[in-house]
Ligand SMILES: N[C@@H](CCC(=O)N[C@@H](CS)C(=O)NCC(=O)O)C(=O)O
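There is one chain below, alone, in structure tokens, taken in the form predicted alone.
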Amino acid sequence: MKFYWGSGSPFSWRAMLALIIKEVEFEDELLEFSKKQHKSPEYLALSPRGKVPALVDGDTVVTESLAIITYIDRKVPTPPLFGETAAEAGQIAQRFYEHENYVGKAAGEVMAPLFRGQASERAEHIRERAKTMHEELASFDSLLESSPWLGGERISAADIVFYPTVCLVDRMAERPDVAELDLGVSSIADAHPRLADFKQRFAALPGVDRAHPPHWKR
């Protein structure tokens, strides 16, 4: 398999995590956004929207991170990322979509103005959305009170999707402009202890550091 991705893209990150958790051998091709490599004719032939990630497996090309995770799970059934029973699959899918519709959305609304350099001019908006983000994170924190992972006793697609968001929140909390303007973005460890433990356990899994954004390691 060949996997095309971009540094810092949470969508690339979670799709690569699925490959790693499944212990799939793959070649990765890091596309540089600054050079617009994701808009090159060669890449657009694979992914017409010019988005990352994309997975090539022989004659099969899969784009969209959720589709890639599903494809990998069908291609390599063990360990199962969507559970083994209907009840497990339903719970994992519920967490999956709760992240997409609530937690991830709220975090994205905080991140967008920060990454665009609009911290000062949109400070009030960020504070409002940060409050919602932490409320949503708290709901996920409470889920870990009764089980080690979001889908139950085993790691699942819900955890794979959620992990990059937790890391990005911590990355935001370290920014100087966040501290200077008191934007309400707290570190995971300060605000959500069970999520901090989740992050630490996930990060310790073999190979997970491969998926971390390369520019974070410099």
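If you're wondering where the values come from, they're calculated on a predicted model, not measured in any experiment. All residue numbers are counted from 1 along the displayed sequence.
We do not show the form predicted together with the named molecule, though everything after this point is about it.
Stretch-level contact check against the named molecule in the predicted bound form with heavy atoms at 4.5 Å: of 60 to 68, 177 to 185, 162 to 170, 147 to 155, the positive one is 60 to 68. In the predicted bound form, the named molecule sits within 4.5 Å of a heavy atom belonging to Phe11. Gly50 belongs to the set of residues with a heavy atom inside 4.5 Å of the named molecule in the predicted bound form. Along 24 to 48, these residues reach a heavy atom to within 4.5 Å of the named molecule in the predicted bound form: Phe33, His38, Lys39.
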